[in-house]
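Okay, so here's just one chain, in structure tokens, the form predicted alone.
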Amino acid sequence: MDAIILSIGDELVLGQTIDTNSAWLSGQLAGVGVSVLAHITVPDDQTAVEQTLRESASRCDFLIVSGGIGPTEDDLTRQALAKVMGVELEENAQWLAELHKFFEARGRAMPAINRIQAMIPKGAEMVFNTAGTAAGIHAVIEGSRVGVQGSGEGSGFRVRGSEKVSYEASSFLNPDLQTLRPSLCHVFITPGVPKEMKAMFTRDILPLVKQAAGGAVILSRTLHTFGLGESAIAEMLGDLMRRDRNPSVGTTVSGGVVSLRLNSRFPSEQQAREELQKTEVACRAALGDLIYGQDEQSLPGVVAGLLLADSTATQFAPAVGTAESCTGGLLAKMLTDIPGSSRYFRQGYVTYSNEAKQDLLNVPAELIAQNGAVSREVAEAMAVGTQTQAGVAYALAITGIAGPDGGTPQKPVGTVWIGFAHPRGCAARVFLFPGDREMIRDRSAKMALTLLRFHLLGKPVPF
């Protein structure tokens, strides 16, 4: 079964307010096996809302709408729904009484402007709001006629205060509902205020959607990689990324981290969980140790866990020191963002100038003069100097050209040398990172963490 989420408001379209409702609703719907086809945002314009309601209702089983049912002139969602349904707005006596109670409890008379919040399209059903003044609305849009269905007793569903009236006869619960699409769509309109929307959706809407979905579920898992680009990861995954596959595997990129998003859609939670596990095993077999973590795990957090379990790190604790030039302390920040980092992190040096490299890390001036500050020799000397000065087992050093200026044909912007000293020796690798200054610095620090991670795993770096 499919859903579309429609968010209404000028403030959303203009980017003045971030639409968190759609993300939350998508997660709730996935949990009961409903696939979200689209997130759509439209302004407070009745014509635009009408058009979107018509188009969306022809594509999905459930249309979840938030926003535009407040008391002001720019709240036009109820009017748009009535127009689409071809009916008039009518006053809901029950909700009008609730509005009066709401204001009386606060020692105020209800402003006349709030009366509009008791108006819903004729034949639609009121959904109770326990957290605000805007009643929700439920209607069924059927076919191109766009009408209401299930408004009689014993069909549809109603919410009267906290009482839910019988819906056994409703086509909403028809197990063959999906075969009726696109001629039948259940429209739920909620307030845009997240607190009110979440309370209404959780209490009254989600249980009915879940029952209609028949126990289906969508379970998800995210696997994170760093070091190779999205296209290289896709090639390694091969047929696992076929779009007709269930569970599906897709990739997203953020901050150089390529994440695999696994979505398992099946009639039962047990089957969805079993198939998700099989797909995760297959992804891990294809990518091996390129996968550093899953779901909420971060690269610094994973490295921290390895350091805390490492015998060498325990012997030298705190075991890690850093020396940074172009990253300006970013690597040290990543390492110390993790609670308990004092157990493995001893000291960091920001040696931005050549003089600082010489004074703090004992990098020979002639080495810099001969090879340049951005070189294998200097990166290794920075790492060894850190290891010696800080008395640590593991020392990471970064020297590079983050730009936007300073590049040459031999050493363009994005050239970064990373040195790594450990009890058995020292080595350095060069990388050419794409992007702007911020991206280059971020990827440099993450790559240094990655080199340390593979060393702690006892594995060669696979790229």
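Start at 1 with the first residue shown and count on from there. In this text the structure is predicted, and so the values were computed from the model without any measurement. Under this definition, the rigid core comprises the largest set of C-alpha atoms superposing within 1.5 Å between the forms.
Omitted here: the form predicted in complex with a further copy of the same chain. The next part is about that form.
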Worksheet entry | Candidate from Ala213, Ala332, Val302, Met119 lying within 4.5 Å of a further copy of the same chain in the predicted bound form - any heavy atom | Ala332
Practice prompt. Give a yes or no on whether every one of Gly15, Gln51 and Ala356 sits within 4.5 angstroms of a further copy of the same chain in the predicted bound form by heavy atom.
Written response: yes
Discussion item. So in the predicted bound form, is a further copy of the same chain close enough to Thr327 to count as touching (4.5 Å, heavy atoms)?
Written reply: yes
Worksheet item: How about Lys446: is it within 4.5 Å of a further copy of the same chain in the predicted bound form, going by heavy atoms?
Response: no
Fill in: Lys278 within 4.5 Å of a further copy of the same chain in the predicted bound form, heavy atoms
no
Worksheet item: Is Val87 close enough to a further copy of the same chain in the predicted bound form to count, meaning some heavy atom within 4.5 Å?
Response: no
Discussion item. Which is the contacting stretch out of 204 to 212, 308 to 316, 286 to 294, 225 to 233, given heavy atoms within 4.5 Å of a further copy of the same chain in the predicted bound form?
Written reply: 225 to 233
Fill in: Interface residues of 37 to 65 toward a further copy of the same chain, as seen in the predicted bound form [heavy atoms, 4.5 Å]
Leu37, Ala38, His39, Ile40, Thr41, Val42, Pro43, Gln51, Glu55, Arg59
Worksheet item: Would you say Arg429 moves between this form and the one not shown, meaning its CA shifts by 2 Å or more once the core is fitted?
Response: no
Item to complete: Look at Ile398 and decide if its Cα position differs by 2 Å or more between this form and the one not shown after superposing on the rigid core.
Response: no
Discussion item. Glu230: after superposing the rigid core, is there a C-alpha shift of 2 Å or more between this form and the one not shown?
Written reply: no
